[in-house]
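Read the single chain below, which is given as structure tokens and is the form predicted on its own.
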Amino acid sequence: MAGLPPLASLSQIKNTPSSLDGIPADLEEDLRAYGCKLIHQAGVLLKLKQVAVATAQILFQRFFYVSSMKQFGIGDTGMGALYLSSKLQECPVKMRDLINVFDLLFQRAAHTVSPSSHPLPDFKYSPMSYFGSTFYDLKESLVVSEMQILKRLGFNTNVVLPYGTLVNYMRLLGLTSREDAVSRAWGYLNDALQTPVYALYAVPTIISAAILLTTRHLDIPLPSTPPNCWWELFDAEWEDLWTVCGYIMRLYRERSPEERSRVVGMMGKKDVRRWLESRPNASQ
């Protein structure tokens, strides 16, 4: 029988490897989210199953509680996580197809941060040569990233996805007749994959947070006064729910163009190192 999915320890949460290398918490959170967006975009282009994409995003988030973005770029790690999860979920993708898709995403990202005060021209993808260095460099990065994820996670790739449990919870709360509520809660669970919450909290807590956001935004009344609090049916604590809601809602915060460019320009470990070295206190 599969064990419970591993969660980050308190020490890992307080001092992530990236923070110990000098990466601010807000920037690390944005880089995590962007790495998961890359995984999602690649999964859509490759027409992979949702379970494979979600598994890859969770493995990606776990990885950066044991590894630093200074040592492993989010682009390479996202590519390795998706390649690994496609095999775990029995929908393996061809290595060449995966590399092609990520190369397109990397080129498109580089296009959006090109230094120019004028409106950007339309993006045009330039396919790589299969006999050039780019393909072989990406292939090596893919193989190394997959190996490092397995190694640093101790080969523990057990992932519990929330979708089936969400349906049961909504049925228990009498909300399945509200299609808007079900679809919105489902959407919050998908958005939460861009945050670290699946590496920090048990699935019932995350689902309860998605339901809480849904009922608040749609003005659906549920018993919330002690001792009759609906989330206690699912062994969830109010403080944990509120924290998970905070992670999800921060995804929707408006970013400045400078913030977006900074994140997109730090997909590789070399980019992160260059940014760290450019900081005023880099020598301290």
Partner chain sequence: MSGSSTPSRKRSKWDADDDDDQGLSARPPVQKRRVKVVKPSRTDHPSPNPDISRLPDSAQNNTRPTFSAFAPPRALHPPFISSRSVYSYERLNSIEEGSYGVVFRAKDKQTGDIVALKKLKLDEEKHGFPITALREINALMGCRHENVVGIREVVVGETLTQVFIVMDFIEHDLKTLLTVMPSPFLQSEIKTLMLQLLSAVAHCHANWILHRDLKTSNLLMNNRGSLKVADFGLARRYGDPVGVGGMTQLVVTLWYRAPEILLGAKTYSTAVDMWSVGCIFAELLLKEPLFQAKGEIELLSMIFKLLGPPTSTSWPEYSTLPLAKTITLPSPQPHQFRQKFQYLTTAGINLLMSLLTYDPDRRITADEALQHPYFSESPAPKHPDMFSSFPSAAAGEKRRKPFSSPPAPVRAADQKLLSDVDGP
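Given the structure is predicted, the values throughout are model-derived calculations rather than measurements. Positions refer to the first chain, counted from 1.
Another form exists, predicted in complex with its partner chain; not displayed. Remarks below refer to it.
Trainee: I need the one stretch from 78 to 86, 98 to 106, 125 to 133, 174 to 182 whose residues put non-hydrogen atoms within 4.5 angstroms of its partner chain in the predicted bound form.
Mentor: Correct option: 78 to 86.
Trainee: Using 4.5 Å between non-hydrogen atoms, is T157 touching its partner chain in the predicted bound form?
Mentor: T157: contacts its partner chain in the predicted bound form.
Trainee: Determine whether any heavy atom of S261 comes within 4.5 Å of a heavy atom of its partner chain in the predicted bound form, and answer yes or no.
Mentor: Result no; S261 lies far from its partner chain in the predicted bound form.
Trainee: Considering non-hydrogen atoms and a 4.5 Å limit, does its partner chain approach Y188 in the predicted bound form?
Mentor: Flag for Y188 set to no.
Trainee: Can you work out whether P221 and its partner chain are in contact in the predicted bound form, taking contact to mean some heavy atom pair no more than 4.5 Å apart?
Mentor: Residue-level check for P221: no, no contact with its partner chain.
Trainee: Enumerate the residues of 184 to 201 that have a non-hydrogen atom within 4.5 Å of its partner chain in the predicted bound form, in sequence order, or give none.
Mentor: Those in contact are A199, L200, Y201.
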